[in-house]
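Below you'll find only one chain, the form predicted on its own, shown as structure tokens.
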């Protein structure tokens, strides 16, 4: 069971808080209780038994996207406030825990369907015997944008790469986010079993949230994965560089790439998606106001679009205003694609665009 680091939590609670300008929730809501230090104070006071974990306190602490935007100007390099806030509201040794009523339907879906979206995430169960590559699409893309999987399969086939798919269970990250670590471990156990049985050597995923939980959580939950975990933008750039994928022109296009927070700040993947775009003839890239590790969140991290939909929309609209006029937005995250698709805004998927250019 993860424990809160009180020293780091208090460091944040007592800090002058230069991160305020990088917290998308604070920028959208303008309330001090959802500022990084405000949330840290609530969490610290609760953990020190000065506050009851009522719905107001839970909501304040849970108003975090996990985007790590607060780390950009943080003077404490070891502080991961996103995780400290998460651990503060998950069950402790006394069994105290924090839930919001709005989470319950999604937790029920996870228990029934292994997906928060009320349907089984079915990836097709393709198995090329002996294939070293196992592709994991993630429940958000499978439920809400299944054509993304078809695009990835086209890329594998065009490159002549054997690959496997499994009938995926949710990675477990949403269950942890909504305060049910035992359910998270149960989902992880199912995926672990299927990964091991596949015999694959490399696990490729297009979902930053899945990548994060595979690389940072599974070993702590007792499921150290016997596979190399690769982010899809890095993997498919390797196929382009090796000449297995040869993008062709799809017309003159001006594109602006939105960096998903986890790819940019946790995985340090910022150049690979841009190199993929530049590999497509006729593409011109214009950067948004905030890019790379300085990116601003779309409002979709840590299942925020389900937990706090109105705030998520407000955050997305603030982010959309930062893109150059006339440029089509491209991203490499299913949450970002959905989150930024506001007010009839079309957001392109990086791998779908690559597949279009490689399979003409």
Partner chain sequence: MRNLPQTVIQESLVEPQVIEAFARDAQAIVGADQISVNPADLLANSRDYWPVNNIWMIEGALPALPQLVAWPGSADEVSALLRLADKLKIPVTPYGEGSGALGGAIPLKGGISLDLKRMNRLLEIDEESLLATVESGLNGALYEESLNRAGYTGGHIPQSLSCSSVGGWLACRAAGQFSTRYGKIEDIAVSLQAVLPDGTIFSGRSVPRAATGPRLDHLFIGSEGIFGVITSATLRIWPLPEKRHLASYTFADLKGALECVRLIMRSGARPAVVRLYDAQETGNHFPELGDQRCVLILLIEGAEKIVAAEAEVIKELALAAGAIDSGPDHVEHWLEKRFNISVASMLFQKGAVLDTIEVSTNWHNAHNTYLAMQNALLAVEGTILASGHYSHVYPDGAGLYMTTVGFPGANKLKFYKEIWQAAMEACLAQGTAISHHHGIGLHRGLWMREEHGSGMEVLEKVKKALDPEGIMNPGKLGLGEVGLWQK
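As the structure is a prediction and not an experimental result, all values here were calculated from the model. Numbering follows the first chain given and starts at 1.
Just so you know, the form predicted in complex with the partner chain exists too; it's not on screen, but the next bit is about it.
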Inset, instruction - Select, from the options 34-42, 297-305, 329-337, 62-70, the stretch whose residues sit within 4.5 angstroms of the partner chain in the predicted complex by heavy atom distance. - result: 34-42
Inset, instruction - Heavy atom within 4.5 Å of the partner chain in the predicted complex: which of 291, 314, 57, 320 fits that? Just give me the one. - result: 57
Inset, instruction - With the partner chain left out of view, choose which of 226, 118, 251, 75 has a non-hydrogen atom within 4.5 angstroms of it in the predicted complex. - result: 75
Inset, instruction - Decide yes or no: are 11, 20 and 51 jointly within 4.5 Å of the partner chain in the predicted complex, with each residue judged by its heavy atoms? - result: yes
Legend entry - Heavy atom of residue 7 within 4.5 Å of the partner chain in the predicted complex: yes
Legend entry - in the predicted complex, residue 15 touching the partner chain (heavy atom, 4.5 Å): yes
Legend entry - residue 30, heavy atom within 4.5 angstroms of the partner chain in the predicted complex: yes
